[in-house]
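Here we start with a single chain on its own, the form predicted on its own, put down as structure tokens.
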């Protein structure tokens, strides 16, 4: 390939990525048109998706394809659980529920984690690199809109304390993508799964938008 795989996967999924980023729900949330309950509900959905992602980590740690991407400093579930305890109370586990769109998303992640390591990489990429990039915008907006302490409870999901230099980390991550140990046909399947991952994410945003419509 003349074009690096990390560039290919980014450009090929650009349309789907943009659609997810510019969803009505996310625009309303970041624009201050929704209350903290909508933010908490969104955080709940993230927990279900990341549970599926990170439950697969130990199983895939030694896999030749997915293994290099399993990096403990990325783990988000403990941080999400701290955020949910802050947002929903210590009994948050009895209160959270997955939207049908979220259940479909988490099920697909789990399916890849158990049977298709290269597909798991597609989901890993779309989530964690997004968290390290655009996720920081969400954190900043949430702190200002709802008064969370800077990088404190409520926004810990977006704080990667163990990633000292995010720019360098993302560069190394893209190098891992470029060295993905699969053939070109499998890489095409990974690109397709990346697009599907963004579409699943957009489906969650759409469902959240239906649950939290803004006044016209």
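In this text the structure is predicted, and so the values were computed from the model without any measurement. Residue numbers count along the first chain shown, from 1.
Omitted from view is the form predicted in complex with protoporphyrin IX containing FE, to which the following refers.
Stretch 25 to 33 is the answer when you ask which of 143 to 151, 156 to 164, 25 to 33, 51 to 59 has residues with heavy atoms within 4.5 Å of protoporphyrin IX containing FE in the predicted bound form. Among residues of the shown chain, residue 138 is one whose heavy atoms approach protoporphyrin IX containing FE to within 4.5 Å in the predicted bound form. Residue contact check for residue 133: one or more of its heavy atoms lie within 4.5 Å of protoporphyrin IX containing FE in the predicted bound form. Contact annotation: residue 129 falls within 4.5 Å of protoporphyrin IX containing FE in the predicted bound form, judged by heavy atom distances.
Protoporphyrin IX containing FE in the predicted bound form is approached by residue 10, whose closest heavy atom lies within 4.5 angstroms of it. Contacts to protoporphyrin IX containing FE in the predicted bound form (heavy atom within 4.5 Å) from stretch 168 to 201: 170, 174, 198, 201.
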